[in-house]
Structures are given as C-alpha cells and as structure tokens.
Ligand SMILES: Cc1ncc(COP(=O)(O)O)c(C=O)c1O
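Only one chain is given next, in structure tokens, and it is the form predicted alone.
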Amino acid sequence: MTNKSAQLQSKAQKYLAGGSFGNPTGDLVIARGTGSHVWDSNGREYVDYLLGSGPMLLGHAHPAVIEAVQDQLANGTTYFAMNEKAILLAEEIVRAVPSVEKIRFMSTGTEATAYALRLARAATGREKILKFEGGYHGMHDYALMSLRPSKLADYPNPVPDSRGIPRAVEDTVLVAPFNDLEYATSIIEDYRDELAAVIVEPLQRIIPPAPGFLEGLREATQIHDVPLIFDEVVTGFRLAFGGAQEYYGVEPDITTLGKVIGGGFPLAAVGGKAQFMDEFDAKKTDEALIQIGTLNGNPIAAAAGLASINVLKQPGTYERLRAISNSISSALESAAADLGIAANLVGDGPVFDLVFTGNPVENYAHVLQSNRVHQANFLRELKARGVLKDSKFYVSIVHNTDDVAKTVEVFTEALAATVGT
C-alpha cells in the first residue's frame, strides 16, 4: 500500500468499528469513479462491476446526474417538507412500474422492505410473513431470517442470521426454498389466516425464477387473499424500465424500490395498489400507518433519480445494456468451460455471476453446496487483475467494448489461478 492508503486503513481500524463501514468490501478505499471505472486510494484503476452495490446503473459521475444535482444544491439540500423534484419522481415511478399506483419515499432499501411488511400487516391484521431462503431484503430483523444460513432450514422454520434478533421475530417468519412452488403454495394454504404477506425478490440475488414460479405465487396469494410483495430494490429499472414485474409479466400488490431511483444518493420507496397505499392516509383510515423520516423524498436524491430515469428512457438503452451484459457473461461461461471447471453461469441480463458447481442452481441450497472457496478466490483474482465485483456482476449502461475486452482478457487467467490449474 502507498503511504496514503496505509494511513487511511490505519485510521479506519482506529475509528471505525471492525475497521470498516460493515460492507464486505471493507479492504478497499475508493478515491473516485468515472463512468464504468473506479480508482482506489493507491491510484489503481478497476473496471467496476460493483457499481456501489448496484445504484450506479448510469455509471459514476454521469453528466446528466451531476448537472441535476448541482442545480438543486444551489436551492438547498433538504427541507422536511414536500418538494417538486420528489413529486415529479413519484409521478415517473408510477408511470413506469406496472403495479404501482401510489408511493411513499424513504432513504434505504432496508427501510422500504420493513415498511412494506408493516404495511401488509396493517392492511390484513395478520402477523406472519413468508420469505424465501437466501432472499435479501435488507438488514432489519425480519430480513435477517434465513438470509445466508450456514445450514439449511427445517422448513418453514427460519434461521436467524445475526445476534440481537428477538425470538418473537422467529415466531412470525416462515421460510420456503426459492423456486419450489408446490411447497410455497402449501405454506400459503396452511397459514392463510395468519399470513400477512409473501415477500420475494423476483430475481433472487442472481437466481432467476423458474418458469411459472412467480405466476404460481401470484395465483396462490390471490386465491387466499395474501398480499404479494416484490422486493425490486435491485431489479427496479434494471431488468427493464418497469422492473422485474414488467420483464417477467407478473404484478404484485406491493413493490419496494431503491438503488437506481436515487441515482447514487440515499433514496428508496414503497409503492403499490391504492387499496394498500391508502393505509398511509389518515383521511382514509381510522388509524393511519405512520411513516416519518427526516430525509424522506430528499430533493438532491430525487433530482439524481429524475435525471437517471430520463436517461434510461432513451430508445435502445436496455437493448444495449443486455447486449453488453450477454457479451461478458457468455465469455465468463466459455472461459470456465474451456478450463473444464465445474461452474454455472447464473443470472439474468445485467445481473449475474459464476457459481462453482456442476449442478443446476435454482435456490439457496444449491448455492450453499457450491465451492465457496473457489468463489472467494475468483473474486480476489479478478480484483488483483483490475476487475472489481462483489457477490455478483452488476453491468452499467456505460460499460463498453473496451471494458468487455479487458474483462474477458482476465477471465481465463483469474479462473486458472482460482482452481490452481
């Protein structure tokens, strides 16, 4: 490390709990980002597939976003009152996302999923939640049930992923394996009088839904009058302009959004059908669902989100994003095959990764059975060669053919080093 890097890491160890912000990329200090590249505090350049864990779909420091933010900065940064930018962003989101009729803003995806679950409990008067093993819904107590257990659950009983979670939370969470429609349907049927909601990532981390899975969930929840929540914090405005629900053709009752809608600033939202969202309206219910936040609908974040959506609207944007993504993912799959490595390319479009197993990957159990040592080694070997990612590849609309060439160039070398060939 350079002196600057060593000094920063030393300060982090001294002043930050655990020596980091808590994220898995705690060994890295980024100094700046432009387009599809970032530079660390040593001045080393990386092709960036981390993208800030997803928000930077337009790449870093996109001119349209920078201009919008600078214009808003001159008029103040936050008001604790409504503002034009956030109202206009709400309008754009409702127009874009098929199932959403009204929204509420907050700052993080964790808040969004927590409020979505509270909304479902308020609307139904029930308490239990069905989630899917390995599904990521933020860092609140309900989300940290069977997110990444070291052993498989005794379904439908959850496994807490962190200390400090009340036992009462365990008693209100049910867990099913992703893509097992028969089992999920049986849980919905058996607990329909207690079940407040089913929450699911339409694309669970990198695992696509099996044909008919989302459609089957939608049918089962409708039959038994259980709200269906799509957590689209990752997939919103990424798989398609209208998110995963547009891409897969299945509409939930409640949707959570984040990452892309803030254009790199802290912003998230809960949206849904009016019959649910009206629970937030004191004029329409005897006892409103309270949702207050100092930075709700922050005008800086809303300006960045509006600028991002306007860029994403441009014709051909998603076609090009998918073409670049497919070039990278296909090359990764081919490199593994050429080396005879037992691995599967798992994902959909601009969200994917290589999972080190020769078996199909359809749920968390399959991921748990993969070679996790190879997974960690591959991450490290890519980083050593100037390609940055974490648990998946995120591709932006500004990754280009040069980025693809650079990335493809290191795949074989990184994979060979990963497995020691």
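Each residue number is its position in the shown sequence, starting from 1. Remember, predicted model here, so these are calculated numbers, not experimental data.
The same protein has a further form, the form predicted in complex with the named molecule, not shown here; the description that follows concerns it.
Site annotation in the predicted bound form: the residue of F280, Y136, Y142, Y318 reaching within 4.5 Å of the named molecule with a heavy atom is Y136. The listed set L89, A197, V100, V234 contains one residue whose heavy atoms approach the named molecule in the predicted bound form to within 4.5 Å, identified as V234. Partner contact region in the predicted bound form: 101-109, out of 101-109, 72-80, 301-309, 177-185, criterion any non-hydrogen atom within 4.5 Å of the named molecule. In the predicted bound form, at least one heavy atom of R205 sits within 4.5 Å of a heavy atom of the named molecule.
In the predicted bound form, the named molecule sits beyond 4.5 Å of every heavy atom of D253. Heavy atoms of K85 never reach within 4.5 Å of the named molecule in the predicted bound form, leaving it off the interface. Proximity of D348 to the named molecule in the predicted bound form falls outside the 4.5 Å heavy atom cutoff.
Although the named molecule is not shown here, in the predicted bound form the stretch 236-264 places heavy atoms of just one residue, K259, within 4.5 Å of it.
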